[in-house]
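Before any questions on how it binds or moves, here is one chain, the form predicted alone, in structure tokens.
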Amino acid sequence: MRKTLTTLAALALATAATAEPVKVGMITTLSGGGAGLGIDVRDGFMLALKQAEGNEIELIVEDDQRKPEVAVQLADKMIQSEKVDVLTGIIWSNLAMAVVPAATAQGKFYLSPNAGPSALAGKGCSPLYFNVAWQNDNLHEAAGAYANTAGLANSFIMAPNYPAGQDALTGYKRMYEGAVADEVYTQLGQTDYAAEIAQIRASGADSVFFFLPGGMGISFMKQYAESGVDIPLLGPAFSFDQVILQAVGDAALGVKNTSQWSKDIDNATNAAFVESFEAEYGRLPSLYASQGFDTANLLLSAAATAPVSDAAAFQAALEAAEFDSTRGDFAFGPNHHPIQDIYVREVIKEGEVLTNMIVGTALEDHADAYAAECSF
């Protein structure tokens, strides 16, 4: 377990001198499988704090080890002992489901820089819960929409058996108009995909849609490349993002994937973010880093506008989302999930570095499918 305590400057606005400090608890994955995702969320978040000036943000960072029971213990400690005002940081949807409902029930704001389970977008929504990344289904819905335009008619679909994996295949099927050759759920954290690759080989599919984040995706991609199966792959950014590509290698070249962010989105905020992240950390930012950066800037914008002790005013300030996002225009829907464009990217090589390039837009101003079920 790991803990750092940092007091950093926030946003330079005229009201900064009288603004109320905000104590933030970040619970994220910093060790074991999937640590790269949490590290990038943390680093993007802390970069935004470092770049800002004005309000005082006190940040406590803890490692959940990708274990729900650890995340719950950390959240309880942060709320009851540390007296945090805001929680953030969770990567995995099963951990979010273990932490977020209890945190919001105790009057704490939760800003998600990643996990967006459907249960928190619909009937289980809360006025204190904001997702700054996406609802889990979204990037998979975009992949389904892209598959239609690409003429893919018989997809083999696969994801881990946990809330985000279930949302992934639900999202793909919601938009995809073709047939499903087979639908397979793997174990969360699985590293051997020989059986699944054999199923793909025998399926008669013309495409494979898969969602396997972190180390799961690395293992699958390497084994798939070695298998000789030549059925085209398609997936969300989570399986083809900067965190994963260098480990996968050239096997990922040319694969299409869907994302609400890319380092080549053409706006000044994104260009500055990519440049400053690389300068600060010596690597290109990932999707997760951009989400951490945007989450911090949303928080800073709200803290500069309203005191966190006035929950109604602070909620309204978060809902206004008056910050410069790496994605350009940013707005929340009525259930506090983003309405945004989702792009099609292709894995390319820039020199010796694998990365992504936008080649199209899959969905414009896309909202999630659960907002109508949410009522505050």
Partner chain sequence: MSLILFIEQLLNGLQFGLMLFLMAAGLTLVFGVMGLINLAHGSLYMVGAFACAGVATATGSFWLGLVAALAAAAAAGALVELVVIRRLYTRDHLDQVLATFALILIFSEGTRWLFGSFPLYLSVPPLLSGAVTLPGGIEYSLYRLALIGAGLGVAGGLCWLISGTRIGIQIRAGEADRQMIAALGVDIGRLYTLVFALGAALAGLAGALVGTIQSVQVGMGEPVLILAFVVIVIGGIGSIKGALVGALLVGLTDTLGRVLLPEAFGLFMEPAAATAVGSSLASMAIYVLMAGVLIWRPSGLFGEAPA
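Model, not experiment: these values are computed from the prediction. What we label the rigid core is the largest C-alpha set whose atoms superpose within 1.5 Å from one form to the other. Residue numbers count along the first chain shown, from 1.
Heads up, the form predicted together with the partner chain isn't pictured, but that's what we're talking about next.
Enquirer: Heavy atom within 4.5 Å of the partner chain in the predicted complex: which of 73, 190, 148, 267?
Expert: That would be 190.
Enquirer: Identify, from the list 91, 142, 243, 302, the residue with a heavy atom within 4.5 Å of the partner chain in the predicted complex.
Expert: Spelling it out, the residue with a heavy atom inside the cut-off is 243.
Enquirer: Is the gap between residue 196 and the partner chain in the predicted complex 4.5 Å or less for some heavy atom pair?
Expert: Residue 196: yes, in contact with the partner chain in the predicted complex.
Enquirer: Going by a heavy atom distance of 4.5 Å, is residue 183 a contact of the partner chain in the predicted complex?
Expert: Close contact exists here: in the predicted complex, residue 183 approaches the partner chain to within 4.5 Å, heavy atoms only.
Enquirer: Flag residue 219 as yes or no: does it have a non-hydrogen atom within 4.5 angstroms of any non-hydrogen atom of the partner chain in the predicted complex?
Expert: So residue 219 counts as contacting the partner chain.
Enquirer: Considering non-hydrogen atoms and a 4.5 Å limit, does the partner chain approach residue 64 in the predicted complex?
Expert: Because no heavy atom of residue 64 falls inside 4.5 Å of the partner chain in the predicted complex, the answer is no.
Enquirer: 258-266, 222-230, 125-133, 106-114: which one contacts the partner chain in the predicted complex at 4.5 Å, heavy atom to heavy atom?
Expert: Selected stretch: 222-230.
Enquirer: I have 31, 35 and 202 flagged as a candidate spot, so tell me whether each of them has a non-hydrogen atom within 4.5 Å of the partner chain in the predicted complex.
Expert: The answer is yes: all three residues contact the partner (heavy atom, 4.5 Å cut-off).
Enquirer: Within 4.5 Å of the partner chain in the predicted complex, which residues of 242-264 have a heavy atom? Give them in sequence order, or say none.
Expert: Residues within 4.5 Å: 243, 246, 247, 248, 249.
Enquirer: Aligning on the core only, does the CA of residue 200 end up 2 angstroms or more away between this form and the one not shown?
Expert: Where the cores coincide, residue 200 still shows a C-alpha shift between this form and the one not shown that is 2 Å or more.
Enquirer: Does the distance between the two CA positions of residue 102 reach 2 Å or more between this form and the one not shown, the core being superposed?
Expert: After core superposition, the displacement of the residue 102 C-alpha between this form and the one not shown stays below 2 Å, so no.
Enquirer: Indicate whether residue 124 shows a C-alpha shift of 2 Å or more between this form and the one not shown, with the rigid core used for the fit.
Expert: No, shifts by less than 2 Å.
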